[in-house]
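Next up: just one chain, as structure tokens, the form predicted alone.
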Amino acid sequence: MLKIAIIGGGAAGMSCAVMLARKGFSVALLERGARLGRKLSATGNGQGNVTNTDMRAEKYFSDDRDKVARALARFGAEDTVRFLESMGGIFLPDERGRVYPAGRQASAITDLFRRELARLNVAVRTEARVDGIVRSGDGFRVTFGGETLCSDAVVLAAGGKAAANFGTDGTAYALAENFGHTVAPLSPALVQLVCDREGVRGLKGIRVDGLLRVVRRGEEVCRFRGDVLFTDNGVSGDAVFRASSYARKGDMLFVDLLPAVDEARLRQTVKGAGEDCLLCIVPNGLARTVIRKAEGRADKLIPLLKSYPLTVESTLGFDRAQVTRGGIPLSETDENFMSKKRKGLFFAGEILNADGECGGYNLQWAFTTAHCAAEGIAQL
């Protein structure tokens, strides 16, 4: 019986462990933190957005989108739902195709995994920070905390650099580099955008259902409808996280503060540009800012409501990002995400150079790559 070491107890690592144990392999799952699935337990604002019914490679950023498409064809959204429901629970899509557990509790998904891992007798080690993986004959020797584990194959599923509070601080890339792998440039994705202070002054805490457009050198890059939350130094919210995958420093953001109301209706309703002209139209704090920027002119007021401008200055960085852009290039792996530089070394999840839009795409990538790695190991 082959012995498999999986490094990383997140969604990708736990999924791969379950899949391999079900195939009869002896599996050891090593997690550097005190418990499994910490990031999974927080996903989808704590509600557990695991995948999306609109599953396409076009939703991903990668050095090889064709390989992403082929992987998704092998294990897509429906496969993910079947896999999760095989452990228990019911998973349902919302009106936007985002799939959640019926109980809308992300931590319960982690509990499903823990229960299944125990049932399958997977050897789980927490607080096991791996500090080395070296070749040992045809296999590997994994060292952690003064201990050594020998295995026939290794799955590196230790995450990226985003959200260090969950234990993903980027140090796992060095384990791959020791085998000759490169790392595509890293940057934070699905993250709050920092904007010009004047644009957000006085708006902290105001939330709107907006239509957000990203414009670069006069050309629209993307647009997303959803929550836009003004912060003390920029914007956050669902629409912003989705747009952050496309936005760059210097880009313009234009927020339609009332996407459900056309300009003709606004002109009919808004009389003048006095301090009370926007009552029951936008929140009072936002109204004061828009009226101030309109300089008391009615002809400037409605354009601001339909296209409120902000300039992107930066992001809040890796600590506040949901995922990492960059990582181990897909070109350095085969179709099962096994290293082309060392047989038996596999990758799964965020450590690879592929990240998706907001809406369940990154967890789908974790499940997809876990499946491919498990299939690859079964073929060794």
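Note that the coordinates shown come from a computational prediction; the quantities given were computed from them, not determined experimentally. Start at 1 with the first residue shown and count on from there.
The protein also exists as the form predicted together with a small molecule; that form is not presented, and the subsequent description refers to it.
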If we take heavy atoms and a 4.5 Å cut-off, which stretch out of 329 to 337, 347 to 355, 307 to 315, 66 to 74 is in contact with the small molecule in the predicted complex? 347 to 355
V130 within 4.5 Å of the small molecule in the predicted complex, heavy atoms: yes
Given that the small molecule is not shown alongside this chain, does F166 nevertheless sit within 4.5 Å of it in the predicted complex, heavy atom to heavy atom? yes
Using a 4.5 angstroms cut-off on non-hydrogen atoms, would V208 count as touching the small molecule in the predicted complex? no
Answer with yes or no whether N49 is in contact with the small molecule in the predicted complex, where contact means some heavy atom within 4.5 Å. yes
